[in-house]
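Only one chain is included here, represented as structure tokens and corresponding to the form predicted alone.
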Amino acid sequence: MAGGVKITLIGAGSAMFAAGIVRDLCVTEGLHGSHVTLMDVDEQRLNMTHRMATRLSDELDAGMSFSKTTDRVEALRGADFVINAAQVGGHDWTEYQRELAEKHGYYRGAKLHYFGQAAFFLDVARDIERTCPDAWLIQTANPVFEGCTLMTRATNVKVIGLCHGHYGYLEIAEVLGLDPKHVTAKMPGFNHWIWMTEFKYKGQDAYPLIKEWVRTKSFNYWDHDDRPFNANQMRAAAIHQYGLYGLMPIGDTPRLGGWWYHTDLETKLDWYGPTGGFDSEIGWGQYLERMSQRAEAVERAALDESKPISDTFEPTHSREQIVPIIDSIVNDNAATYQVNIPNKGPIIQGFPENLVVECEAVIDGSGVSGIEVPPLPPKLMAGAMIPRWREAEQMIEAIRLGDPDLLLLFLLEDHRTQNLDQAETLIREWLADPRNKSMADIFRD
């Protein structure tokens, strides 16, 4: 495989994300001349993305070509790479499912929307198996952990899951006043559940710098850090988890830690600062508003042909790993990435090989080779990793087997479940919604 390739982007209606991918392709010389098929069920947004992508490629003289379709199978034909960034039903459907769970006593939702997402991922993987079986599937939409494990257990598709969370170590460096060029870190685990097993500055162990910061500066930081959209990497919840497990939680891990940080908004504010964190009603509302504003800005740029679209998307590489990974495979440019892949080896001891883990891997023309890590500390395994694995297994196997009992058990394990009737009533109402027919079909008892 060399030169121009065919890349299919599912969920291309997200103009900001799609344009970022196109921009990265345009500034990657080894992928010039590639064809990108944009696929989304929202035809209006799809047209906007197609217009913007075409303009961007023309301005940057990248020789890219584009097609668009609302038909997923058509989009997959001949694909060498498939990027799945789709959110089933968009934010509106996700928010409805959250509100439904809250009505039944599950503050801020019960992750039921992840079941529909993971099942959709499996449908996409099965389509790839039938239509373009040699293609690589790059999974960026959540839940990466459960979704990628499900797809690799149920199909033979080559799956790579990606996330931004591992860049959280750079926020630690920033808070500590360290030059990021001299900072290195290792962060294995599960997606959204990774732990910094190594943190070095100029080749020396930098964990003592964190310990000193916690002792002398943390309380002042928590009192005065009023950023409206804080990543929470050094907030009180992250440092508390560090104390509990002995390693720093990275990226999304601090916000998804123990239920005791999330009992109500007041508790969230104590642990995550002035917004209550990304997942609070305040933080999430700000996120949705920011996403809406960014989407409007992109649409204005796409429609305004008096200004170059590259003014909005500067022709420089983003921190996304997607296009560099494609370049590594196509042009045999070996590099190390943070990815989510099956635990072959195993990469992380104590877990089965058919479980997807997040780790470093070398990627080149021959494929993906995960880098084995030292055993994780027993306290971390017993207190955090094994419980998270158990939760994931219930979702993965519930969908793979179509077993309604596992769906029920998933809710019964939630600390907010007070009795059996509460969980059963929520599931019945959730499955009865016409928009949830795919789930009702899977869990038909």
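Because the structure is a prediction, the values reported are computed rather than measured. Residues carry their position along the shown sequence, with the first being 1.
Omitted here: the form predicted in complex with another copy of the chain. The next part is about that form.
When contacts are defined as a non-hydrogen atom within 4.5 Å, none of Glu43, Phe121 and Ala295 contacts another copy of the chain in the predicted complex. Proximity of Tyr207 to another copy of the chain in the predicted complex falls outside the 4.5 Å heavy atom cutoff.
Proximity of Trp271 to another copy of the chain in the predicted complex: non-hydrogen atoms within 4.5 Å are present. When contacts are judged by a 4.5 Å heavy atom cut-off, Leu244 counts as touching another copy of the chain in the predicted complex. The closest non-hydrogen atom of Thr417 lies within 4.5 Å of another copy of the chain in the predicted complex. Among Thr54, Gln394, Thr28, Thr69, the residue placing a heavy atom within 4.5 Å of another copy of the chain in the predicted complex is Gln394. Exactly one listed residue, out of Arg98, His192, Lys158, His240, brings a non-hydrogen atom to within 4.5 Å of another copy of the chain in the predicted complex: His240. The candidate stretches are 273-281, 256-264, 198-206, 178-186, and the one lying within 4.5 Å of another copy of the chain in the predicted complex by heavy atoms is 256-264. Heavy atoms closer than or equal to 4.5 Å to another copy of the chain in the predicted complex belong, across 400-425, to the residues Arg400, Leu401, Asp403, Asp405, Leu406, Leu408, Leu409, Leu412, Glu413, Asp414, His415, Thr417, Gln418, Asn419, Leu420, ordered by sequence position.
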